[in-house]
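Next up is one chain by itself, shown in structure tokens, the form predicted alone.
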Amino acid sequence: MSQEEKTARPPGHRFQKRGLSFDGAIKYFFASNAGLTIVILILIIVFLLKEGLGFFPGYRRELEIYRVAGLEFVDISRKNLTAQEQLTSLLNRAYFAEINGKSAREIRRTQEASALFNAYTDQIGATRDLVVNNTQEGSHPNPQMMATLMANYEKQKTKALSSLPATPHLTESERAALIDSIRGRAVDATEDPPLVAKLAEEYAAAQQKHAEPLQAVRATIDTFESSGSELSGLISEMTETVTATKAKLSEADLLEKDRKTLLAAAASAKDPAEREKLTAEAHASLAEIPDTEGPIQLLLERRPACIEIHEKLRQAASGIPSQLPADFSQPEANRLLGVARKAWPVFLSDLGKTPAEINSWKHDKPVALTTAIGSFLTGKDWVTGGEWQDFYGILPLAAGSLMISIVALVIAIPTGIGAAIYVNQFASPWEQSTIKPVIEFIQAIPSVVLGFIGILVFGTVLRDLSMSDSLSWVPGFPIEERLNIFTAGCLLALMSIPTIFSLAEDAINNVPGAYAEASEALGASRIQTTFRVIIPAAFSGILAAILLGLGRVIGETMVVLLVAGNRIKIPDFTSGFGTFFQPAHTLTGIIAQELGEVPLGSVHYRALFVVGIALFAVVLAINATAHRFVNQMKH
């Protein structure tokens, strides 16, 4: 009996009477599910566009207030002051890197002794406080309770002393003396152990000794640092004026928004009395147009003083490079000095262009919608909730997402594809039945659990490892932040390996067996057949696996939010490979972090939706490209 005969209903069945059948019902069920999926996708896209596209007009208005109120004028000078402060910071870092590099032994010894003592006090702190608080003057503790507290304190003390960190730069006798002094400390002692205090004095003496030959450098840095004080004072004075104007304009905008809301409510009210009341309230809330011309003219009168101060700063800064040393003896100090020297001509050039910029600035120049779009796409600042001005530049977030993805793919591609090739082509049946489920099991680990592992274990281990002397040659080591791009990239690599492995293994598996048989019949070895026949034939599928792995990495939120460090700044690429050990923020992380805290319907709220639209477009493009490669492989 055929399948159709089995499923056919007998004549007169109630489904047939209504023009229905079981086959038709099942078909309708699956068709409706597919249709529902498409409808949901369309609704998501419409919702994203509805909430996000209102961002650009709102951001344009914010930029308009930024210009009309004069904040943009002040920022011309503030930009140069910030550059001067950054150059000062670079020189200071180079100066201290030189001193600390020469005092490296003393630094390590004092750090290790302090770390050992801090590890001990962290473990016994709670029980010690209980004992001390109950033995203070005026307290009358129960003797039995005190005995219990002291017993707990001694027990915790023994436990803490058995798990102290390593101190490779202290001698055995020094470590033993330090532990003995800690063991013999009174419970209410507050001073540092003698060895910790002694090593701190040695470190201070070493710093002073190595700073003496650098007194001329110190004086040059101090001179350059003080050269920006006049500009700083002028900016502070102008800031008071422009922020007051901005506050008035923002308040007027809010009143106008409320008035429009009342008028809209009045237009839709059916009760004439209610309509009249709402209209009256709308007219009563009509905001006065703030006076911007008066304050802006007072601001523009400062143009000559502004230009004069910039010229003074340029004159002072132009003589600084010749007073700096040609190089330092420590590599990090030399690198920082080199970065400062490279940035110096740009700083002087910007100072030279500033007078023309100040003279040509116009507060009544219109702000186009394309300016808001360009500021979002190419802006280097994502600043929100500040008293000065909010900026929504996506570049720092895009750079963070891209760099974390690079780290993840560099690790995940060779690992995932290599495992797929081995399991499919060379592994024994026992190895296949073991390796494949283990790799696919990684997908079952919740991303938040991986985030905890990254924070508590991987980041800490990586930072401790980077402090090892044997790894000091690695760029970026020792790392300053345990939560950084590299840490997040490693965890995302772990998450994307199952995706790349499964899809690449499927692609290799789909290569017709006749290819391998023909190759072996011609005398090719297993290795030659795998890498010259099977892999090229499965290349489209493997490429699709990589792209889908990339989509998985870019779309991940929880791990990057917990582990990437969340610093909204374009990484400092002058650090070379060390850039990967800097903190960063991502497109997904910023949405998860800020969406729950922003006012509904605000420009900030809509900016996050635009970030979501950009992310959606990127992931959609990646998936579409991957499916194209998959289709190519099928044909």
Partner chain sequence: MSHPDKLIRKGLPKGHFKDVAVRFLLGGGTYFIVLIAALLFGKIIVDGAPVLFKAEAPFVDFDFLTAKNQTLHVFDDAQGTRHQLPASEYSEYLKKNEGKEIFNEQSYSYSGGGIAGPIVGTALLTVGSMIIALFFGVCAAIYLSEYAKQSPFIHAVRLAILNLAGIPSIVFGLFGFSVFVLAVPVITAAPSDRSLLVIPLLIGDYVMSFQGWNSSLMAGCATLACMILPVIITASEESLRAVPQGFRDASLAMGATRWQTIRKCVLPFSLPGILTSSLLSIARVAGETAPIMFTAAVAAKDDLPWQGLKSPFDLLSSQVQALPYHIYTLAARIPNSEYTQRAQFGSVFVFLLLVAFLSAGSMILRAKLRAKLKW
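C-alpha atoms forming the largest set that superposes within 1.5 Å between two forms make up the rigid core. Residue numbers count along the first chain shown, from 1. These figures come from a predicted structure and were not determined experimentally.
Another form exists, predicted together with its partner chain; not displayed. Remarks below refer to it.
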{"query": "Single option in P168, P366, G418, G233 placed near its partner chain in the predicted complex, where near means a heavy atom within 4.5 Å", "finding": "G418"}
{"query": "Contacting member of E431, E308, E251, D464, with respect to its partner chain in the predicted complex [4.5 Å, heavy atom]", "finding": "E431"}
{"query": "Candidate stretches 524-532, 225-233, 181-189, 196-204 - the one whose heavy atoms come within 4.5 Å of its partner chain in the predicted complex", "finding": "524-532"}
{"query": "Interface membership of L63, its partner chain in the predicted complex, 4.5 Å heavy atom rule", "finding": "no"}
{"query": "Exercise: G35 in contact with its partner chain in the predicted complex, heavy atom 4.5 Å", "finding": "yes"}
{"query": "4.5 Å heavy atom contact, F577 and its partner chain in the predicted complex", "finding": "no"}
{"query": "Partner contact for A356 in the predicted complex: its partner chain, 4.5 angstroms, heavy atom", "finding": "no"}
{"query": "Full three-residue contact with its partner chain in the predicted complex, heavy atom 4.5 Å, for V457, F609 and V619", "finding": "yes"}
{"query": "Contact set, 55-80 vs its partner chain in the predicted complex - heavy atom within 4.5 angstroms", "finding": "none"}
{"query": "Rigid-core frame, C-alpha of V383, shift of 2 angstroms or more between this form and the one not shown", "finding": "no"}
{"query": "Rigid core superposition, F30 Cα moves 2 angstroms or more between this form and the one not shown", "finding": "yes"}
{"query": "Large Cα shift (2 Å or above) at R218 between this form and the one not shown, core-fitted", "finding": "no"}
